[in-house]
Each structure stands twice: as structure tokens, then as C-alpha cells.
Ligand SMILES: Cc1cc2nc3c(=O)[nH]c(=O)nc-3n(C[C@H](O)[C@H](O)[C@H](O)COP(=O)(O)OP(=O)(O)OC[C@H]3O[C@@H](n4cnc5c(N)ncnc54)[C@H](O)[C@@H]3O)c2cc1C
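Heads up, the chain below is alone and in the form predicted on its own; it's given as C-alpha cells.
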Amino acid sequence: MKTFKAGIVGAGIAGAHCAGTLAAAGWEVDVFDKARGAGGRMSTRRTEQGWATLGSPFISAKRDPFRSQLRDWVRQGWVAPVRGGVLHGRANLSWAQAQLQNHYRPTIEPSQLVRHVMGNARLHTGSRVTALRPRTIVLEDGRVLGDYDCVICSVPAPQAMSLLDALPLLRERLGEVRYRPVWSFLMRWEGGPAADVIRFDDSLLDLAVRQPSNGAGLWAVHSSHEFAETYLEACDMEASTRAASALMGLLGLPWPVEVEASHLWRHARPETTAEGFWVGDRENRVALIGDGIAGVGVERAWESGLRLAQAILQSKEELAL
């Protein structure tokens, strides 16, 4: 009996869940990612005191099947509901309380959640893909892996476009997808309002989320899209200095803010998508998944990977892309 093989580019939640679903059904699955580990925008930053994340601050679920997945993660002790409210406003105006409904935060490293849904698929880190061809993946080191029954791309649309010269049908579907960027920072400070989540009434900074596993006073601070677009080509130091200055004013802090890490997410939030949960080139056995196809959020990306895997497995031809 033939063993089917899939090659997946991108180890974010969409690619990982697609990989894990296929692997659980008996497929041999290789997942390639240029980073040092799985996670994508759910990746983890390790520090001397624990872990923190500059990526997606929350996980929310609007419907099944992702609600069921989150309930299972809660039972496992891997995520927990966000308790308490969100403080909204700024120091020189006023603060108001709002509630976060149906939002969860990881209690383990978010990258571990992604690795878990990948199941028995083989993860190849530090593996940069330079091109996709029919049933074929080309790596930067010169290897050409051409024996896949299906190739799946799960990276942001602008990155995917550069891989698809040999697949014009898929390039055309991604042509209208646009993203907006976000700068994210790990900052440490003393004082400020008593809260775990702060949403700013401001055009520069959007959100600050306390990092509970990393000692007192460490926060992930996420910029507005406008801030990130203004400082899109700035160095880390310039962006960090601007953001720290803005934060001190918004919180009314008397002491300087320490910036421990920063990251520019150039493709943080899709503004337009290709619509649907996946896009496929059936003749060439290549498909695209992820938030640039399915829409904003962990839930949509997770479901994008699931829907494609289900379509592959449920097809009478095994590979109905």
C-alpha cells in the first residue's frame, strides 16, 4: 500500500496543524521552517527568568472545532481563560475597564502548543525554501525534494509570492493580499496602573500584556500599525527608543523603561485575504494555507490547516486540491 508524502513550508499554527492531521492519518510529512523552531507568530522568546512572547498575545475561539481544541488545551493545563478586565485609556486622560470575552493565554510556551499540534510530522528548522514547483520543494542549500504527493505553503503571502514563479495560478490568487506591520517589544518597568492587560487610547502604541512567567514587571508591548509603518525601515534601537518614550507618557512613568527585546512583524495582520480556507493548484499538487488565505487570528489559521488536510484525506482521489 502506497505511503503518501507531504512537504509543508512554514511551521506556524496553520502549517503545523495541517502537518499533524496528515501525519495522524499515516502520511509522511516534512515541515520546513527558516527559524530555529516552530511557532511563527506564536514563537517564544526565552530569557534567564522564563519565557515570553512577542507574538500573538491571546487565543480566542468563536466556534467549533477550535472551541473544542481550546477546551482540550484547558484540561491539559496548557492555556487558561483571561481573568479580569482590560484597562483602556491613558494616564493624562482617564482609564476605563473593559472585559475580554472568550480569550485565552498560554500557560506553557506558545511554541510548544504549535509543536504539539504538529504531532509526528518531521520538523526541519533552519531550512530556508527558495522555490516551490509541482510536487517539489527547493531548499537554499541546493537540495531539490521532488517526490512529494502534495506540497503546502503556509507562510505570509508576500513571502509565498517569491517562491511561486513556477506556479502562476497560485501567484495570481495572492496578488491582492495585503498585510499591515506591527513592532513588538519586551519592556520592563516599575509603577504604572495595576493591570495585566492595557489597551492604549493612542496612535502609536496599541496593547501591553504582562508576561506572567518572567518575573515582575516584564510586558509585551505592541505598536499600532501606524507606528510600524512609520518606522518600518528603522533599526531596532530607534524603534525601541520611540516606543519606550511613548509608553512613559501614556503610563505617566517617572522612571525610564528598559527594552529587553524587539521584533518587527512585517506581515502581522492581513488587511485583505484570498478568501476561503485554502487555495490549491490541483494539477501541480500545490496548495496555500494560513491567515493570508483564511483571515485574521490563530483560530482562522488553525482551521485553514485543518480544512485542507481534511479535503486531502476525504477525497476519493486522495489529493483533490
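The numbering used is simple: start at 1 and walk along the sequence shown. The shown structure was predicted, so the numbers you read here are calculated from the model rather than taken from an experiment.
Quick note: we don't show the form predicted together with the named molecule, though the next part is all about it.
K.L.:
Taking the shortest heavy atom distance, is Ser184 within 4.5 Å of the named molecule in the model of the complex?
P.N.:
Yes.
K.L.:
Even though the partner isn't displayed, in the model of the complex is Ala268 close enough to the named molecule, meaning a heavy atom within 4.5 Å?
P.N.:
The answer is yes: Ala268 has a heavy atom within 4.5 Å of the named molecule.
K.L.:
Is Lys34 close to the named molecule in the model of the complex, meaning a heavy atom pair under 4.5 Å apart or at it?
P.N.:
Lys34: yes, in contact with the named molecule in the model of the complex.
K.L.:
Does any heavy atom of Trp51 come within 4.5 Å of a heavy atom of the named molecule in the model of the complex?
P.N.:
No - in the model of the complex, heavy atoms of Trp51 and the named molecule never come within 4.5 Å of each other.
K.L.:
Want to guess which of 72 to 80, 166 to 174, 153 to 161, 228 to 236 is within 4.5 Å of the named molecule in the model of the complex, heavy atoms only?
P.N.:
That would be stretch 153 to 161.
K.L.:
Listed by sequence position, which residues of 9 to 34 have a non-hydrogen atom within 4.5 angstroms of the named molecule in the model of the complex?
P.N.:
In sequence order, Val9, Gly10, Ala11, Gly12, Ile13, Ala14, Gly15, Phe32, Asp33, Lys34 come within 4.5 Å of the partner.
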